[in-house]
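A lone chain, given as structure tokens: the form predicted alone.
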Amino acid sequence: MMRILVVSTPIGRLGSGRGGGVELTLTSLVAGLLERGHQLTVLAGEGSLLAPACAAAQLWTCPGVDQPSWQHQNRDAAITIPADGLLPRLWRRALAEQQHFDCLLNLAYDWLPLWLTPQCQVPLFHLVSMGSVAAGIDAAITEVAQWNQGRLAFHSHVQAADFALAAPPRVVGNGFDLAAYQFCAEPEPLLGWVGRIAPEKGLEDAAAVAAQLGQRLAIWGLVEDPAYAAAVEASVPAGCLDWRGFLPTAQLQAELGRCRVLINTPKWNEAYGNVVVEAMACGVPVVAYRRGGPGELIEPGFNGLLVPADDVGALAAAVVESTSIDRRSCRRWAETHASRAGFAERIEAWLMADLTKDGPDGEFGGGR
């Protein structure tokens, strides 16, 4: 049995949707490790709520100003922390309490926790949630990898390939409570798209496909960029887009499962693709760009189709072709590759592999 302190994203409180896929990952990770008999404490922003599946975990919260997301900054931007920032407050608490735990598990994609790795008295692990988006983060990940790559894990091989690693990566995928996703055998004539409403998610391409095919596109997600959302709306005929907002998992899956196909259009290297698996769990095939994590999740012809990145014409043709895919095979893929129990087992194996080692692999940044 391990005593684990999970430090959440410093972007938004848990339950708000602002943390993106990290929120779903945290819920699955914590619930799965609890089921395996470990003791979990979650440290997150003030106002956070844990999902019912995580009720046995302890929740600690801190006030503070949200950390800016690296997704929306220049690649060469300087490392910055806002005044009264949530990020340092989370880590001040984590360091003060570390002696009560066997390890700390960081879910934040930011420089500070990476830099703190060799300073901690107990092992600090990082589940890296994004690919390469910032030079400063790349350098910090490289330093950790050179010192002890056992402290790093990634969601997909294509994500890990973004970084200069000292050895083959530890890839853990992700996991979902598949009992929470209902299989839908008979869909409506409806296309679906799920994600944060922001330019890097490529919603305009899915909208263009819907307009080209004369079909309605249901859109679920938090509007991060209202101007971008308005521009997408204006780019297609009135009534083409059905904006449904950000929904909790139970409501999302009930609506998403009725879609004929999910369109996934990232403009950047997605680390994994949670919404891809959520759709498959409901029996919905996925048509996606061959880019980032979704390229590893989709087996063409079995649970979806892949097309060249940014090729809207090919995307539209694949949406039409996807009607031949057996929806039951989509559900089977999720059950085989993305269960919560399997994810928790992989996380446990990762942590235990390093905790049972004698020490770090090398020096960090010139020495400790």
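Fair warning: this is a prediction, and the values are worked out from it, not measured in the lab. Residue positions are given as counts along the sequence shown, with the first one as 1.
Another form, the form predicted together with ligand UDP, is not on view; read the next lines as being about it.
Q: Just checking whether Trp115 would be counted as a contact of ligand UDP in the predicted bound form - the rule being heavy atoms within 4.5 angstroms.
A: Heavy-atom contact with ligand UDP at 4.5 Å: absent for Trp115.
Q: Even though ligand UDP is not shown here, does Gly12 get within 4.5 Å of it in the predicted bound form, heavy atoms only?
A: Gly12 lies outside the contact set for ligand UDP.
Q: Trp268: heavy atom within 4.5 Å of ligand UDP in the predicted bound form?
A: Within the cut-off, so yes.
Q: Within 4.5 Å, heavy atoms only: does Gly221 come near ligand UDP in the predicted bound form?
A: Judged by the heavy-atom cut-off of 4.5 Å, Gly221 is in contact with ligand UDP in the predicted bound form.
Q: Out of 141-149, 226-234, 103-111, 241-249, where are the residues with a heavy atom within 4.5 Å of ligand UDP in the predicted bound form?
A: Result of the contact check: 241-249.
Q: Among Gly273, Gly175, Pro285, Gly192, which has any heavy atom within 4.5 Å of ligand UDP in the predicted bound form?
A: It is Gly273.
Q: Out of Arg291, His126, Arg196, Arg170, which one falls within 4.5 Å of ligand UDP in the predicted bound form, going by heavy atoms?
A: Result of the distance check: Arg196.
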